[in-house]
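In structure tokens, the next block holds one chain alone, the form predicted alone.
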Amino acid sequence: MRAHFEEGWQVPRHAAIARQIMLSGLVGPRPLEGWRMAAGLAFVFSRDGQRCWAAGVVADRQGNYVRQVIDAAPVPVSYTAGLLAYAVGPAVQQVLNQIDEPPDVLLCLGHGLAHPRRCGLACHIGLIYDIPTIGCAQRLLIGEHKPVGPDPGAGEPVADNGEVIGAALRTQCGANPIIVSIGHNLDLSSAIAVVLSSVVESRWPEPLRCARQLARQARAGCEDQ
């Protein structure tokens, strides 16, 4: 994949916040006109928070894996809530730069618009690579939603001060909902459709589930020696 612009990750907090505010105005929601290949992008931090392992997995709609990439990089700035991209950016870009054929849609572990400045990791990465991107997170960073029904596919809008910024989506019976929000170049209904059609054996979309597992395995292989 080719980055459309270079991003500096080791910047002061005030500069990172200003950058997010600027980038949020560039996020473009639009319907996704079908897809064939989806990629999952996930990461884990070392126990001391100084290193990040990232993994990218590309799969087709039938769940067949066509590409897997794992890489690691030092964390340029310590993670703080709302500034995840600046901690994982180098490792994430090292992975994406090794995926030769861009997927039709990218599922990121983290938020998109469901973010205080409407520019979570999924937005940031979607804009850098100009690719349809979806944020999938375990819990809310901002906003609120009504209780989600128990059946797979049930969902409720996530709103912040009356603005819908995502959805709480139950993807598996008995599992907690995940927070889905758009990153770039697709709308929320398209994002929900991609997530639901990609779930196989866990609450996470399959490429993202596999990427999370690979990143954790890579960390364990280094830290448990």
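Residue numbers here begin at 1 and follow the sequence given. Source: prediction; values computed, not measured.
Although it is not shown, the form predicted in complex with the DNA is what the next lines describe.
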Checklist entry - If you check Ala137, Ile128, Val105, Ala91 against the DNA in the model of the complex, which one has a heavy atom within 4.5 Å? => result Ala137
Next on the checklist: So, Ser197 and the DNA: in the model of the complex, are they within 4.5 Å at any heavy atom pair?
Outcome noted: no
Checklist entry - Would Ala175 sit within 4.5 Å of the DNA in the model of the complex, counting heavy atoms only? => result yes
Checklist entry - Just to confirm, Gly110 within 4.5 Å of the DNA in the model of the complex by heavy atoms? => result yes
Item to check | Contact flag, Pro76 vs the DNA in the model of the complex, heavy atom cut 4.5 Å | outcome: no
Next on the checklist: Contact check in the model of the complex: Gly82, Gly120 and Arg212 versus the DNA, with a cutoff of 4.5 Å between any heavy atoms. Do all three pass?
Outcome noted: yes
Checklist entry - When the DNA is placed as it is in the model of the complex, which of 42 to 50, 186 to 194, 161 to 169, 22 to 30 ends up with heavy atoms within 4.5 Å of it? => result 42 to 50
Next on the checklist: Can you list, in sequence order, the residues from 185 to 212 that come within 4.5 Å of the DNA in the model of the complex, counting heavy atoms only?
Outcome noted: Ser202, Arg203, Trp204, Arg212
